[in-house]
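A single chain comes next, written as structure tokens; it is the form predicted alone.
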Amino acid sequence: MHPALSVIVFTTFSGMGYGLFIWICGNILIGTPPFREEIIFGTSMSFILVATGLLSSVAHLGRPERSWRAFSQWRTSWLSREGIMSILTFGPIIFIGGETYLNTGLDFLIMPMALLGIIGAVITLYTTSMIYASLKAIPAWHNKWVIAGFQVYALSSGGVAYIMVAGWQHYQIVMDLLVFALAVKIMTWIYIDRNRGQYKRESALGLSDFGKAKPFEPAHSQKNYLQREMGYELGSLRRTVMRWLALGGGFIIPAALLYVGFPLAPVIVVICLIGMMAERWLFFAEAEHVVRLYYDKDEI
């Protein structure tokens, strides 16, 4: 699939934003809340990251002015459910940050809102992952690793952002999460590589017993939407380079810098964000739709 910048920004920024908010809410619930200024800064950063991601996703639509209609399809559409949950989760983010800043006397609601914030963020991440994992026609997405990955990557990248916001007291947990996320990513790629080529043109046509099927002539005189959107060609060299960039920037380098106590946490956040954008780029670039069997692929 063509790796559009808008959806890369959407999944990367919103993932880090929700992960950061989960860290803030988790520490509030266990009785080790950040300082007042840190909560204000952290919730503001979460809001900006999530809002940037969501606005970027709207820009990816063919008719952005009609995006509001997606909210009405919650019974059947994971995209609609994700949109509704993302809006609802803004409530706890705004309340916790706003009450901490204004101190209106409603601080007794911060704990319940923190719990709702974690639930909302986790469900939102799940619905986002299901937008992709529910698509049976894209084998690289239709698997359990996609669902697990969205949650784990959000927690690990959000944990890196939390260290920048609230200090290093949980750096060991963040390091462990980065290592765990690294393992999930590697297992995801092993799954994709092992299952690549299982769908063939002959089986799609029901002609498996009649030898190799080849198109007699192109279906169109020029590329159509499906070929442009689903026909991205990813060379082996580029795949290797991007995989190492994703592993290094998204997981290995941030974990190593946390281990040695690198003093500039914002730099670690930027490195992690760049690495996760490379991981998201691959997430879309490696996604092959089975419709390509009809046009230009012998197997997927």
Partner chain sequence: MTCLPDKTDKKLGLLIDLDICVGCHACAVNCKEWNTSGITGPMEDIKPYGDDPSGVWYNRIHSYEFKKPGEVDRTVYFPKSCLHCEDAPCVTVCPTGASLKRSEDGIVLVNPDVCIGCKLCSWACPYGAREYDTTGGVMQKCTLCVDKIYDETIPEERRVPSCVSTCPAGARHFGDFADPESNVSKLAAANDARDLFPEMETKPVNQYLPPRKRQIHKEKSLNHKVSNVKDAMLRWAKLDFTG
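Positions refer to the first chain, counted from 1. Predicted model, so just to flag it, every value in this text is computed and none were measured.
Absent from the display: the form predicted together with its partner chain. The rest refers to it.
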*Considering its partner chain in the predicted bound form, find the one stretch among 150-158, 182-190, 133-141, 106-114 with heavy atoms no farther than 4.5 Å from it.*
133-141
*Could you check which residue among Pro218, Gly98, Gly167, Gly91 gets a heavy atom within 4.5 Å of its partner chain in the predicted bound form?*
Pro218
*Quick one: of Ala213, Ile119, Ile173, Ile87, which gets a non-hydrogen atom within 4.5 angstroms of its partner chain in the predicted bound form?*
Ala213
*Using 4.5 Å between non-hydrogen atoms, is Met230 touching its partner chain in the predicted bound form?*
yes
*Can you check whether Leu258 is within 4.5 Å of its partner chain in the predicted bound form, heavy atom basis?*
no
*With a 4.5 Å heavy atom cut-off, would you call Thr32 a contact of its partner chain in the predicted bound form?*
no
*Using heavy atoms and a 4.5 Å limit, would one call Thr52 a contact residue for its partner chain in the predicted bound form?*
no
*Between 221-241 and its partner chain in the predicted bound form, list the residues on our side with a heavy atom within 4.5 Å.*
Gln222, Lys223, Asn224, Tyr225, Leu226, Arg228, Glu229, Met230
